[in-house]
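Next comes just one chain, in structure tokens: the form predicted alone.
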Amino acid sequence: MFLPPFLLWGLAGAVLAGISLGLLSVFVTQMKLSSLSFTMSHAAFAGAALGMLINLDDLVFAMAFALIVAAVLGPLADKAKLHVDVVIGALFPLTIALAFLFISFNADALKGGGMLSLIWGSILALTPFKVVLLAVLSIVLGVVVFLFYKEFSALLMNRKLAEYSGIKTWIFYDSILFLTGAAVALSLRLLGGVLIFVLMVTPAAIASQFSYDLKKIMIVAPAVGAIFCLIGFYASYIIDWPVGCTIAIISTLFFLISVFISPKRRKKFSG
């Protein structure tokens, strides 16, 4: 309530990032694409680092790199007749190599602290324009999932069966990749390229500890992501820690707690 206006924008952006990444985490975990989070975050990280190196808008380059990876993953996996997770694993070394290569060319920015916000995140990183973009992305993501819930559900259950039933799965599969790339690029400055992937896994992983119902998981995961970002934002402001680190620590602690108190775990041991 008593935060200055520029921090309120950051807080709003943090909640929106938690919502969008939390919902996307359902697809990442259900499709067993946890390595997608590493590759996509480091692709955006590399793009932003290049933007800073040549003194241009880092958001544009982060978005471009993330969307290029999204555009390559699906068709490359189909052409190579490999699971997309294998292709992601092959692309990950390239993205992280480019990220640190661009950083090495711009050591002054790293010393000055500008590059550090790309690595660990910063509560001062989100501008009103970026917050508006995050709001638009969250709305688009929610509407797309709501309108095509049956198709997405079929895709998550079994892609081949979904194709046999007449669903053009590549459209929905690629749309998730592109939306993930956009969400990662917009959240990069706030959460940091090294730790942003925590919100692409833990919200859905926690929600899955308490329910088998996909619809409930899709509702709970974004709420969990928003709560983590909200708590992490305030905690980082109070104790002066990087916001990405704070959110990562909080998310991991809650995940461990959820595993221990999960009804699924109790049923397993009781059975």
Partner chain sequence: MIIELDNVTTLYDGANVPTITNINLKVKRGDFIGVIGPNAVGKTTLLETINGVLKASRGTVKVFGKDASIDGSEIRKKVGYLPQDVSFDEESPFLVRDVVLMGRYGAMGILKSPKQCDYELVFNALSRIGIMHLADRPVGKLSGGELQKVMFARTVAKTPKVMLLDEPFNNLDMGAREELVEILSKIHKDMNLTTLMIIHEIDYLSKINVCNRVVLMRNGTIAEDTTPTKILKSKTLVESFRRDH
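Small disclaimer: the values here were computed from a predicted structure and weren't measured. Residue numbers count along the first chain shown, from 1.
Form predicted together with the partner chain: not shown, discussed below.
Stretch 148-156 is the answer when you ask which of 148-156, 185-193, 82-90, 129-137 has residues with heavy atoms within 4.5 Å of the partner chain in the predicted complex. In the predicted complex, the partner chain sits within 4.5 Å of a heavy atom of D213. In the predicted complex, no heavy atom of S35 sits within 4.5 Å of the partner chain. A residue is said to contact a partner when one of its heavy atoms sits within 4.5 Å of a partner heavy atom; Y173 fails this definition for the partner chain in the predicted complex, lying far away. At a distance threshold of 4.5 angstroms between non-hydrogen atoms, V224 is out of contact with the partner chain in the predicted complex. Interface residue among V201, I103, I167, L141 relative to the partner chain in the predicted complex, by the heavy atom within 4.5 Å criterion: I167.
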